[in-house]
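As structure tokens, one chain now follows by itself in the form predicted alone.
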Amino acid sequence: MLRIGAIEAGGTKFVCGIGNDSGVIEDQISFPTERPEQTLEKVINYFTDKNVAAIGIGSFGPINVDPNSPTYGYVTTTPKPGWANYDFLGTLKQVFDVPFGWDTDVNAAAFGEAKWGAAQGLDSCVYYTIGTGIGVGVYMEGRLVHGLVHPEGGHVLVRRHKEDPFEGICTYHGDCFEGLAAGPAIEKRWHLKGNELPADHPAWDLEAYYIAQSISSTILMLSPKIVILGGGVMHQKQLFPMIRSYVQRNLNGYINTTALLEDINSYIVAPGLGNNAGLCGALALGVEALVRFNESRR
């Protein structure tokens, strides 16, 4: 069976793994995200003796996903030290002569969930990761969505809760979705990390309020067949019923479907792949890259 490499490149940590074209992860390691030279040295060391047929990369962003651009494969405007305008993909291509898949970490997670997870058998899904940052991956009509760049759903503007004086933490937009609801925003607002707050703390109702706003807008704009919520913040399982309730309240019956009105517990869900959604998604990108490469040679 083919061995495919997978890289889930997060802003906080990298996860590298080996899997097969059925979505099974056979081996993986993780390490903190440092400056690119140190981080990619560890990536290269991991894959050097693995004899992979292709490598898929799901990267923190923003990134350049336009194959016709001279800076395709670059990380672009990130505040992460050393990574802005860094040729991530090109650096690995200099070492490994294999096909590469390349996309955002959240697009990769959406792809993995569509192939082997909660969205398997569906032609659309939206994947949220809510943790150190917030990202949204979009899989529509059987393919990942790009455009001018790629979806950046963490930075959409949301309506501030009338009792929330918090100014937000986003260095670009202040009180955008990420600025109000990412893990560091929870910590700065409440002076405790999210995992240190009790399940009945008012933080979680406020968090659900902002997450549900974004989901409501996504449903109205993209009409996905399932919404998947991952990331460290979503380990707070009490958020799910609160978010579902707010979404129903926001939409107010306007979207008249069974999925939203009667079966919302099966519509807004946790990742079917659990904590491996991102790595499995990168694996799926690698599989796809190998298929395209083989087709091009026929």
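The first residue of the sequence shown is number 1, and the count goes up from there. Values in this document were obtained by computation on a predicted structure and should not be read as measured data.
The same protein also exists as the form predicted in complex with a further copy of the same chain; that form is not shown, yet it is the one meant from here on.
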{"item": "Candidate stretches 88 to 96, 111 to 119, 198 to 206, 173 to 181 - the one whose heavy atoms come within 4.5 Å of a further copy of the same chain in the predicted complex", "value": "173 to 181"}
{"item": "Contact of Glu187 with a further copy of the same chain in the predicted complex (heavy atom, 4.5 Å)", "value": "no"}
{"item": "Exercise: Arg143 in contact with a further copy of the same chain in the predicted complex, heavy atom 4.5 Å", "value": "yes"}
{"item": "Distance check, His161 to a further copy of the same chain in the predicted complex, heavy atom within 4.5 Å", "value": "no"}
{"item": "a further copy of the same chain contact at Lys225 in the predicted complex, heavy atom, 4.5 Å", "value": "yes"}
{"item": "Proximity to a further copy of the same chain in the predicted complex, single hit among Asn45, Ser266, Gln38, Thr257 (heavy atom within 4.5 Å)", "value": "Thr257"}
{"item": "Neighbours of a further copy of the same chain in the predicted complex among 205 to 228 [non-hydrogen atom within 4.5 angstroms]", "value": "Gln213, Ser217, Thr218, Leu220, Met221, Leu222, Ser223, Pro224, Lys225"}
